[in-house]
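Starting off, we have a lone chain in the form predicted alone, written out as structure tokens.
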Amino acid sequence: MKAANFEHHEPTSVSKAVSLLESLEEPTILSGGQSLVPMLRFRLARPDTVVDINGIDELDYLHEEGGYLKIGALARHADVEDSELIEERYGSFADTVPLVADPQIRNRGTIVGSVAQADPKGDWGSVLIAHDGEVVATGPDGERTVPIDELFLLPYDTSLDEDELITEARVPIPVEREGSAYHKLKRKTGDYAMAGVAARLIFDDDGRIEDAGIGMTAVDITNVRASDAEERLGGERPDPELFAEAGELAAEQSNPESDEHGDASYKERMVEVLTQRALGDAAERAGVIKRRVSP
């Protein structure tokens, strides 16, 4: 099936893109097309106008600057996959990218586009939650930063204004004694998550957990934070019993739905297990334990 007819705009700068978004009625933004192109083909989406931002070269970057890892709106999944910086310093990002779809989609799809899509089964929202990330939204009044916890409202719905686009996602640069990881349960290679958990741990000089971040995928109406588990970990030394307790708290805070792939209680159990594994890997990568703590 072919897409229904629509007007196609190709701005070459962020300012021109924002002007278009301001002047057009209900425009749809196209970056990688990971979700939008299939929706157009099957006419699940029938926009009158599409603003294609792929010609805005200034949005194509992935680097550390000013205390952040900054991911431009046109940085592809493949850019993360090929990055030595990511491989060396950002364990959760390195874990996540090979789990996203297949190589063809990773060559075109973007991290920022995935976050803007606000699909609760999307992986990157949980990773940004674990890292206390934020996005930069650009609109007619300039730029503003939106903490990731304030971005997701409902499935496929964000707190962005209609004339804003996300130009950047960013997370703080890792400090000493910090580690992170992502674990995901899926039916088959390249599939969406049945459940996923991203974890980040920062330890103090005494080996106690100074800060913890845990984001969950596909177990609520949006990507959500396991705040009760994060709070339980604070000030404690890492051990299997502590991580098991954190897993139980994360499962209690999740809210999965039963479907053809498993009932809610099964997914809650998976959250419990995945949380323990992610925390174990994060602690190991921070250098405070020698072996992964897993159930």
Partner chain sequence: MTNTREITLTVNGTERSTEVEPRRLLVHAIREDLDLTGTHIGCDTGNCGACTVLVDGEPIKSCLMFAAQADGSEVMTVEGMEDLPESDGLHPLQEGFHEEHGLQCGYCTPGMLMAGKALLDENPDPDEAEIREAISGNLCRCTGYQNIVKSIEYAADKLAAQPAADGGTVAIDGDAGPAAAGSAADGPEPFEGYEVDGEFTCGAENCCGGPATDAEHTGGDNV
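Here the structure is a predicted model, which is why all the values come from computation and not from measurement. Residue numbers count along the first chain shown, from 1. In this text, the rigid core denotes the largest set of C-alpha atoms whose superposition between the two forms falls within 1.5 Å.
Although it is not shown, the form predicted together with its partner chain is what the next lines describe.
Peer 1: Would you kindly say which of V171, I105, L151, V136 lies with a heavy atom within 4.5 Å of its partner chain in the predicted bound form?
Peer 2: Checking each option against its partner chain in the predicted bound form, the one that comes within 4.5 Å is I105.
Peer 1: Out of H131, K121, R225, K184, which one falls within 4.5 Å of its partner chain in the predicted bound form, going by heavy atoms?
Peer 2: By the 4.5 Å heavy-atom cutoff, the listed residue in contact is K184.
Peer 1: State yes or no: in the predicted bound form, is some non-hydrogen atom of K290 no more than 4.5 angstroms from a non-hydrogen atom of its partner chain?
Peer 2: Close contact is absent here: in the predicted bound form, K290 is far from its partner chain, nothing within 4.5 Å, heavy atoms only.
Peer 1: So, L40 and its partner chain: in the predicted bound form, are they within 4.5 Å at any heavy atom pair?
Peer 2: Answer yes; at least one heavy atom of L40 falls within 4.5 Å of its partner chain in the predicted bound form.
Peer 1: Does any heavy atom of T189 come within 4.5 Å of a heavy atom of its partner chain in the predicted bound form?
Peer 2: T189: yes, in contact with its partner chain in the predicted bound form.
Peer 1: Does the 4.5 Å heavy atom contact test between L30 and its partner chain in the predicted bound form come out positive?
Peer 2: The answer is yes: L30 has a heavy atom within 4.5 Å of its partner chain.
Peer 1: Using a 4.5 Å heavy atom cut-off, indicate which stretch of 237 to 245, 250 to 258, 52 to 60, 65 to 73 touches its partner chain in the predicted bound form.
Peer 2: In short, 52 to 60.
Peer 1: Note that its partner chain is not shown here; using its position in the predicted bound form, name the residues of 1 to 31 with a heavy atom within 4.5 Å of it, in sequence order.
Peer 2: If the 4.5 Å heavy-atom criterion is applied to its partner chain in the predicted bound form, 1 to 31 yields M1, K2, A3, A4, N5, F6, E7, H8, E10, L30, S31.
Peer 1: After the core is overlaid between the shown form and the other one, has the C-alpha of H63 moved by 2 angstroms or more?
Peer 2: Shift at H63: below 2 Å after core fit.
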